[in-house]
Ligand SMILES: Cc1cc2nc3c(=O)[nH]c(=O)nc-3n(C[C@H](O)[C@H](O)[C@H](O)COP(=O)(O)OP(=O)(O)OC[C@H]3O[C@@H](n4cnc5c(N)ncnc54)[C@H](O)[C@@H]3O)c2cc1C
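One chain comes next, on its own, written out as structure tokens in the form predicted alone.
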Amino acid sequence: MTQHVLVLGAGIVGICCAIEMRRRGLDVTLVDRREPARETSYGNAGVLAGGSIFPEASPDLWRQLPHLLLNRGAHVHVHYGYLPRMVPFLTRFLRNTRRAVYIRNAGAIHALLDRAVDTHRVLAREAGASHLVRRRGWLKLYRSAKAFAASDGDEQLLRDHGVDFTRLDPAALAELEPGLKPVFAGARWITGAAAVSDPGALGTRYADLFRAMGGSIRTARIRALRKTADGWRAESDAGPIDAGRAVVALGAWSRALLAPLGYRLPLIAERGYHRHFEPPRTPLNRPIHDIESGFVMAPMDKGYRLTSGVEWAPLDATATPVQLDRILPRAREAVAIGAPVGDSWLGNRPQTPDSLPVIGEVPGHRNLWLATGHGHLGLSLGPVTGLLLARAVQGESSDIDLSPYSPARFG
């Protein structure tokens, strides 16, 4: 077996996997159909989301599900023709709403997120990108006192895992963020979180670091992945690419590539949209998440980025940014943003039924590794995933138990 490793997918996760394996002396080729960090890693909310330890499959979901499926709110938009194809995923997803399973999954998310900011800061410093990462926390905002009180269970889960936060009443919130309008009954300030002012630029800096370390980046569309006598071959529109080991880090596109190999990854694309707006006169100091309205707004170098909730639709479906239309009036109630800048953007977040990423070797496929399924936490978990995956590939020990993220959990 050669020491050549092929990393398929040049999003933030794939780039970080490539960096860490190159750091260990392996010959690494990073392949994507586009330049690095131009897909989902480009257009996220830019939050290194300390405290976002809550799995999507929550015990409260059964109560919320009828409303969500009616397409009346901003949190979820469903393409109804896609639902039959989602049944296998949804079956597993709903099993994870049991309280004990939910608590267990939250702990597994925290084990990774607890290191997200520090691993990014180290890598950003090495890549000359420290100016893109700002550690000022982020705000979870509640418009009604009832909703704020109902979030006490979330606070207890944060305490159980040692996540630092501060509760803010309207007066304290106004002092911390004078750019917010007085429409919120309370807030939770996750103090340890950080924000990236340009996620695409950060990904580009990380890719430049990989090149400077002697790594190779190729632009090619991967058609198929096949086992060979010496390892793995990626069939691409630029010809075959051979390596002793392969890492699939294609996010929402991972499932289709793996299916012909007999590995059925229960992964769906949770599509999300963003649009930029001119900044308000009184700026925000950190990203905000309006819980009840279903949006995140983050001050960025290109303007104020407004990001939507979840859209369940096929990867190749026509863009339907109706959620942006629904959240914009609510966003303007909260922040005096100006005119839109540019067009809306669409990305595909790879979601697993248990909200945990898939990190490890594929069962029955020696030297084929996965680093995918990070959902809404791909940017946050890129560097820590790269570190853990590289250690596993090289047979190094890890101080984090990787079994909750193993591909074997799906059979």
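Don't overthink the numbering: it's just position in the shown sequence, from 1. Predicted model only: the values in this text are computed from it and were never measured.
What comes next is about the form predicted together with the named molecule, which is not displayed.
With the named molecule omitted here, the record of contacts in the predicted complex names 346-354 of 346-354, 56-64, 362-370, 22-30, defined by a heavy atom within 4.5 Å. The partner is absent here; in the predicted complex, the one residue of Trp189, Trp253, Tyr206, Trp232 having a heavy atom within 4.5 Å of the named molecule is Trp253. Proximity to the named molecule in the predicted complex, taken as a non-hydrogen atom within 4.5 angstroms, holds for one residue of Pro299, Gly137, Gly200, Gly272, which is Gly272. Contact annotation: Leu377 falls within 4.5 Å of the named molecule in the predicted complex, judged by heavy atom distances. Contact annotation: Gly386 falls outside 4.5 Å of the named molecule in the predicted complex, judged by heavy atom distances.
The named molecule in the predicted complex comes within 4.5 Å of no heavy atom belonging to Arg159.
Although the partner is absent from this view, Leu168 stays clear of the named molecule in the predicted complex, with no non-hydrogen atom inside 4.5 angstroms. Applying a 4.5 Å heavy atom cutoff to the named molecule in the predicted complex picks out Ala220, Arg221, Ile222 from 219-241, in order along the sequence.
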